[in-house]
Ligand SMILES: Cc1cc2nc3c(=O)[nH]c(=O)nc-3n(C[C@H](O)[C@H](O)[C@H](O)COP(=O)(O)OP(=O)(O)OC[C@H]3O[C@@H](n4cnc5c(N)ncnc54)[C@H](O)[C@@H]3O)c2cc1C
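Okay, here we've got a single chain as C-alpha cells, the form predicted alone, with questions on binding and movement later.
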C-alpha cells in the first residue's frame, strides 16, 4: 500500500486529531496515522475527562493560548453538535503562600481574569464537602471546568474525515525520512509520501523524533473513581472541579484534583480523582492497563485527608501516561533536520486542554512555516543552552 498527500500527521491523539481537522478544513489533502485505535485506551488522554482552566500560573504566554483554545472548543462543539466542555468552576485550595493560591492570583491579575478568594471559613461554608487544615484558603475560577477527552478526540477525528482527511488506525510507524522533494513515512503495511510531516505521537515521541538534546520521560499515571455513600453533594452543579496543593501539610506532595459526578456514562462511573505528579518512569509499551493494590491506596489517600464524605468503594482505576519534558513545558517546533517536518510533544500531564489550539498551531507550521500564536517559549532551542 502506498499513497501521497500534502501533509502526513503521525499520531492521531489529542493534538494530532485536531491538526488533521484544521488541515482538512484548509483544503489540505491530509493523512493521519496512528498505531492504535481512535479513541485510544492506551493513551495520555485515556480516562474520560480532563481539567480546563484559564488561571495558568505556569507561564504567562499559556493564557493567550488558552483563550484561543476555549474559542476553538466552542467551535468544534458547534460543528459536531457534541457537548465537550462543562464549566463547573475550578476551586483551588492550599496555603496562602503556596504555588497554587499565589499562582492563581498572579495569573488572574496579570491577564484580567475573573476569580474570587475564599477564606478558610468561607471555604467551609460554601464547600462543606472538604475537610481542610485551618490555614488553608481557596480561590475560585468561574471559567474553569472539564473536557470530555476521549469524546473530544473522537469528535475531531470524525470531523476531519468528514472534511476529507484519511485516517489509518492500528498502523505502527516504522520510520520516516526526508529529501528535497518531500517526506516518506514507512508503516507496517506500506509507504506514504507527502510534502510535509507533523509528528505528535505522545508517549512514543522520543524514539520517533531522534533528537538527542530533547529529554522526554514517560511515566505511568493512574486515575480513580469512587462511589460515595451519598452522591448528591458531589454532583455537577453542587460540586466543582477541585485542586488541592498539599505542600506544607505533612509529607504529601503533588497536586490532588478531581471532578464532580455526572449521569453521563462518558464521564466514568463515580467521583473521579487523581494526583498530578510524575509517576513511575517506564517505556511507553511497558505501561499497560494492569493495576495494583498501591494504585487504590493512592486514590484513597486524599479522600481520607480532605474528602472523607466521598470515601467509598473504588469503582474503577485507569492508567494513562505523562510524557514529561525536562522543564515541564510543551515542546513545539520545526524539526532541526528539515523545514518540512514539525512536531509537538512533552505535554507533561497538563496539555490536553490546549489540544484544540495546538491543532491550529501545527497546521499553521506545516502550511506556512510559522504561526501568530505565542509559542516562542515552547521552542526546542531552550534546551540547547
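Just so we're clear, the structure is a prediction, and the values are computed from it rather than from any experiment. Residue numbers count along the first chain shown, from 1.
The form predicted together with the named molecule is left out here; the points below concern that form.
Taking the partner from the other structure, the named molecule in the model of the complex has no heavy atom within 4.5 Å of any heavy atom of residue 233. For residue 26, no non-hydrogen atom is located within 4.5 Å of the named molecule in the model of the complex, even though that partner is not displayed. Interface residue remark: residue 257 is counted as part of the site for the named molecule in the model of the complex, having a heavy atom within 4.5 Å.
By the criterion of a heavy atom within 4.5 Å, residue 133 is excluded from the residues contacting the named molecule in the model of the complex.
Using a 4.5 Å heavy atom cutoff, 13, 349 and 353 all lie near the named molecule in the model of the complex.
Note on the partner interface in the model of the complex: the residue among 360, 48, 55, 43 having a heavy atom within 4.5 angstroms of the named molecule is 43.
Proximity to the named molecule in the model of the complex, defined as a heavy atom within 4.5 Å, holds among 76, 303, 183, 173 only for 173. The stretch that touches the named molecule in the model of the complex, counting heavy atoms within 4.5 Å, is 204-212, out of 122-130, 158-166, 135-143, 204-212. Looking at 217-254, the residues that come within 4.5 Å of the named molecule in the model of the complex, counting any heavy atom, are 221, 223.
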